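Only one chain is included here, represented as structure tokens and corresponding to the form predicted on its own.
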């Protein structure tokens, strides 16, 4: 095992800046996730670590050793690409065994067989070892490519969206299998994804990238409850966080939030901005409740649409000029009906209306609890 560090890594392709001075530290044995949309610089980061791309500036360190100019085969990293990259003329077994037979590793055949059987059984492809890649489905090929990476000895594992070609059911199962693999529990891993559920389920820590820049690094709890800005807040949750534009106002009991049309007003407690500051209030759909609840602020709205989600409903409600989404257990809710919506003030996340940066609010949500929207359904079963 070894730690991994990127020190001011910048990567330019002509006038395009793919990475703008990236600073990251991944601990020894840590499972670290890079999250961001397409074009954020996630895969470029992996390639710079693997030695497939040379940084324009900055350096890469593995185990405290500067490997910026080192050849890829001397870095002791293993990388799984988003595409399968299987050898079509070799069986599944030979594809997986290929790195173990290289002069660099020279793993004994008996040891190689044990490693291959353990990993392929975990990935559910033990019965496919004698097949050719052309005889496999896309999901099976993806798991073969992943197995080929996991069997080889490495200080750092680089995983570039290895579950992206799997269907939803198989992806959920594979998240659990990845988490349980001994290799990933003990080897420093850098995992790239655009799926917030994968990030929350798998990451010891998560880094959010945007346009080649690092926006925030933190645990799932930190990023969920204390997003650095509105971009990070919008990156997590389905349905997405409700963002209500408004301003900070003075109230008889202290500072408060008021939406632009005055339909939503919430107490804020202590905030480091003056009255009149333009802000956005972030409210996560699973924090909101239909009906009146003690300790919550009740507002009235009209149901716009109701979408069944198994045992739950996604309900969209028009409150004044705002359209608010919430998730609730199944109950009788009709479109166009008037309903009461309860908002917990302690769960409000406040953002500057101009910069999008989060503004600390007194009496915020508990730091050690991740909302059900994020983890109970995903990471809880991992």
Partner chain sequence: MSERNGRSGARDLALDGLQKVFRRRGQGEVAAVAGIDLDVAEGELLGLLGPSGCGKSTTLRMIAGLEAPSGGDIRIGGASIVGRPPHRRDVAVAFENYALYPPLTVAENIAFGMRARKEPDAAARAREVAERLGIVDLLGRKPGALSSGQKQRVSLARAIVRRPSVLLLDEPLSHLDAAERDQTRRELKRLQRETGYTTVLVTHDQHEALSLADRVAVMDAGRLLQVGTPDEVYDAPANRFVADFVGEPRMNLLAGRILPGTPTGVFLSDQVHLLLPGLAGLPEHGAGGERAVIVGIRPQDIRLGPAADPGALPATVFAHEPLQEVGRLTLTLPGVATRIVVETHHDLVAARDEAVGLRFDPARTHLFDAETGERLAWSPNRPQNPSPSAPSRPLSRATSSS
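Numbering follows the first chain given and starts at 1. Nothing here was measured: the structure is a model prediction, and the numbers come from that model.
Omitted here: the form predicted together with the partner chain. The next part is about that form.
Across the options 210 to 218, 248 to 256, 233 to 241, 272 to 280, residues that bring heavy atoms within 4.5 Å of the partner chain in the predicted bound form belong to 233 to 241. Proximity of 225, 305 and 314 to the partner chain in the predicted bound form is complete: all three residues have a non-hydrogen atom within 4.5 angstroms. Contact check for residue 197: a non-hydrogen atom falls within 4.5 Å of the partner chain in the predicted bound form. Although the partner is absent here, residue 309 is a contact residue: one of its heavy atoms lies within 4.5 angstroms of the partner chain in the predicted bound form. Put simply, residue 66 is far from the partner chain in the predicted bound form: not one heavy atom of it is within 4.5 Å. For the chain shown alone, residue 136 is not a contact residue for the partner chain in the predicted bound form, no non-hydrogen atom being within 4.5 angstroms. Only one of 297, 176, 166, 263 comes within 4.5 Å of the partner chain in the predicted bound form through a heavy atom, and that residue is 176. Heavy atoms closer than or equal to 4.5 Å to the partner chain in the predicted bound form belong, across 336 to 360, to the residues 336, 347, ordered by sequence position.
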